[in-house]
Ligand SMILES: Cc1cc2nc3c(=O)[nH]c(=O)nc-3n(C[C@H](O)[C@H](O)[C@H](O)COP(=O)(O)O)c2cc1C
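Before any questions on how it binds or moves, here is one chain, the form predicted on its own, in structure tokens.
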């Protein structure tokens, strides 16, 4: 499948961490405006970006034993991202790139699989956090299940705060049909944990 190199992520000093925390809020009302490739790049890097090649490809979120059980998948709506075609992509942390795995805009299907939560149709992209728990349980046995969920929480918070930094909105969605989402994203060895739709808030006063 096609591989796409993402633009480099540049740390911004627009907001302090405290300001980002204060402004973080769940967004369920998205503008149809497309986001930039650089914004998508920063969001994915915040979630699972590599920050050190020297130490086991250390990432932006902590991982028990550097087992890295999580994968980020991205469903891009038609005209959702400038310079990127609609479809399905997998984030490749090691290369900071995308691997295209599908060519269809599935925004409406995602909404249906999430028990008809309408706002999911309008987000520019929807990021799926998925896991292969065996990567962690091989080292930590049953306790590893807990570590996977700890790691996924860190990833989701990173994505939420980076969205605030970029002037975008997001929300964590956990209400969905697991089998339907797995089928839409072509998951085989991965299990869906949460969805995060991302886009411009429709309300201009959202972060005031």
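Numbering follows the first chain given and starts at 1. Computed from a predicted structure; not experimentally measured.
The form predicted together with the ligand exists for this protein as well; it is not shown, and the discussion that follows is about that form.
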Problem - 4.5 Å heavy atom contact, residue 117 and the ligand in the predicted bound form - result: yes
Handout entry: 4.5 Å heavy atom contact, residue 175 and the ligand in the predicted bound form
Key = yes
Handout entry: Touches the ligand in the predicted bound form: residue 66 (any heavy atom, 4.5 Å)
Key = no
Problem - Touches the ligand in the predicted bound form: residue 25 (any heavy atom, 4.5 Å) - result: yes
Practice task
Work out which of 171, 46, 50, 182 lies within 4.5 Å of the ligand in the predicted bound form, going by heavy atoms.
Solution key: 171
Exercise for the section: Within 4.5 Å of the ligand in the predicted bound form, counting heavy atoms only, one of 25-33, 140-148, 58-66, 161-169 shows up; tell me which. Expected result: 25-33
